[in-house]
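One chain comes next, on its own, written as structure tokens: the form predicted on its own.
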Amino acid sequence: MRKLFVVLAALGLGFLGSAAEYILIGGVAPLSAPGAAESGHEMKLAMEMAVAEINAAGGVLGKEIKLVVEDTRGLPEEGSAAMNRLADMGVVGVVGEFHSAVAKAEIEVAKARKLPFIISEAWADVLTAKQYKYVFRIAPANSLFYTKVADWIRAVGFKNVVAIVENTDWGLGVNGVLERELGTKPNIYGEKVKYTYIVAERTVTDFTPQLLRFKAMRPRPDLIMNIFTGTGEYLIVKQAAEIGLAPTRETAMFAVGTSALYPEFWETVGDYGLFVITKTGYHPILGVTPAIKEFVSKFREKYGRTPTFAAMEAYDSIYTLVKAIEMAKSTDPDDIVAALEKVRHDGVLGTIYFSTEKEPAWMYHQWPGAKAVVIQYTEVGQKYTEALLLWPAILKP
């Protein structure tokens, strides 16, 4: 039955209608465990909202868009399979993905199948550093974003920093940037920043042994970088608080993963989330543009929750791909790629365009405009949009 469906879909004869009737776009995201399903579902909702709006406005090239979103489950092999299924269905391009390890597998399919792919929310440098013709990215590269986080760490004056690092391309990439940046530049007081880390698998559920090791260190760490996503990120917050390690007056907790921005964060960690520090690519204090205000309002009205920048990236990805199709007046992959290299889309997060610079390597087909903001929760259950802004200092009220 699956083989029959794939053949019919590839011929444009499946349930999605004929090739003359629709322009088919693919989406990829982790919609179930062991992936970061909260993020994946939010991205899917944003993609669907964008497609509905575009169709209501007349579609593109005189046709409606059909969106098919595949569940990658946070697993590279599922990502490859999903991309191949979408290519067999006849999609003209793909947007999405959250996990860098999965995107790393997906870009190989995009290259082999000549499939334009806009990565919405996967950050590993390697994804654009391979400089594949068909691969573009709206999410920031790790090196683009976490050099700014390292600036904050030094500016505050931390000098004994430890990290628990997810053993994935994203986690190891974040760790590599922090290790490099903190190891080569002193803090604001001219002191060397000591950086120590432990790598753990995404499947770990008990981080107490690692956290107790940190607690026993002398001098005691003044900052823990929790470089995990999803359930692991939440468990580290809870278990560090339960043993009295962080967040405390002696030791701060920085939850690095996007999962710390979701309502599920508070549902899982409860009071332990108070004073946790995290990061975001969007905060109202950056300036609430008409585009952001409209998007947030529509998203809240439609889905009953405040969107994070992952949703904004997914939404902008759909619009950017469709604008490129419109510019190209074609669904040919090479025509779409040529248009993507010239596109300028005034999106929710700003004017989306893609660099063609090849140095540093990760800048190729990368949107350079992503912002880096460090925030801290000061009330239990607080929305990330209401959290205290810590960095950049120039934006403090």
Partner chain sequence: MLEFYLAQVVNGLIVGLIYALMAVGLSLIFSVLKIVNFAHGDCYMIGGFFSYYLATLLGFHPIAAVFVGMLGVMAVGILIHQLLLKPLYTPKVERKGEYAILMTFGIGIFLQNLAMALFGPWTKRPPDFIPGVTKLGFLFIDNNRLVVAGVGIVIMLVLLYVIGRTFIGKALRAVSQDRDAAAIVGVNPVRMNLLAFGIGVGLAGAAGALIGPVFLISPVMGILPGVKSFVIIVLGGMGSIRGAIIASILLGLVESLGSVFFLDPTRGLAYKNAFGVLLLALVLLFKPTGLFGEKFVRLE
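What you see is a predicted model; the values in this text were computed from it and never measured. Residue numbers count along the first chain shown, from 1.
Below, we refer to the form predicted together with its partner chain, which is not included among the displayed structures.
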### Message
Just checking whether I336 would be counted as a contact of its partner chain in the predicted bound form - the rule being heavy atoms within 4.5 angstroms.
### Response
no
### Message
When the contact criterion is heavy atoms within 4.5 Å, does T203 count as touching its partner chain in the predicted bound form?
### Response
yes
### 4.5 Å heavy atom contact, Y272 and its partner chain in the predicted bound form
yes
### Message
Check I65 for me: does it contact its partner chain in the predicted bound form (non-hydrogen atoms, 4.5 angstroms)?
### Response
no
### Summary
With the partner omitted here, the residue among W152, F145, Y197, Y303 that in the predicted bound form has a heavy atom within 4.5 Å of its partner chain is Y197
### Task
With its partner chain left out of view, choose which of T208, T251, N187, N160 has a non-hydrogen atom within 4.5 angstroms of it in the predicted bound form.
T208
### Query
Each of K215, L235 and K238 near its partner chain in the predicted bound form, meaning some heavy atom within 4.5 Å?
yes
### Task
Given that the partner is absent here, state which listed stretch (135-143, 291-299, 308-316, 241-249) has heavy atoms within 4.5 Å of its partner chain in the predicted bound form.
241-249
### Query
For the stretch 30-54, which residues lie within 4.5 Å of its partner chain in the predicted bound form by non-hydrogen atom distance?
S32, A33, A37, E38, H41
